[in-house]
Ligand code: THU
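Only one chain is included here, represented as structure tokens and corresponding to the form predicted alone.
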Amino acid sequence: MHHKFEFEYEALTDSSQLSTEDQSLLEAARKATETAYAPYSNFHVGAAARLSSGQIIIGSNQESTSFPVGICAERTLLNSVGSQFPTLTISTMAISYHPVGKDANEPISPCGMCRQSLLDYENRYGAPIKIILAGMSGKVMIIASASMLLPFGFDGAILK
């Protein structure tokens, strides 16, 4: 028996088509790329989350000379929110990037570890996180729930 997995997402030509609220969140993610520590890859990633309180929190990638020790912007952000605001949910997250010396006009998508962390966060709080993916300019993708980025994700149910 064959099965098919599909999901819908919204594709915009640029960020001007976003709501004012989502434009400000994406701008915060773009600005967060400036706080990245990426001396090895020169690939600066920023993430911004709007919490259920309306507050915006940012995160950025932080590299290490021991490459596996570094942490992506999305997980930096999730860890900050989880430890500083454990009773609040994330309603929307925007992710952007700025590779030094190169254009960033296509949407960026989280790596596999970040996708799993986003799924864990959604499951922990029982609430979807809308994801806005973009570069510093150009196209924008909007995904209704982070769970759509990881079909067959590990939800921990078998551990209980």
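One-based numbering along the sequence shown. Computed from a prediction, not measured in an experiment: that's the story for all the values here.
What comes next is about the form predicted in complex with tetrahydrodeoxyuridine (THU), which does not appear here.
- The contact residue chosen from Leu26, Leu119, Ile58, Ile108 relative to tetrahydrodeoxyuridine (THU) in the predicted complex is Ile108, the criterion being a non-hydrogen atom within 4.5 angstroms.
- With the partner removed from view, the residue among Ser91, Asn123, Ser41, Thr35 that has a non-hydrogen atom within 4.5 Å of tetrahydrodeoxyuridine (THU) in the predicted complex turns out to be Ser41.
- Taken together, the three residues Val45, Glu63 and Cys72 all lie with some non-hydrogen atom within 4.5 angstroms of tetrahydrodeoxyuridine (THU) in the predicted complex.
- Residues within 4.5 angstroms of tetrahydrodeoxyuridine (THU) in the predicted complex, judged by any non-hydrogen atom, belong to 108-116 and to none of the other stretches in 27-35, 50-58, 108-116, 124-132.
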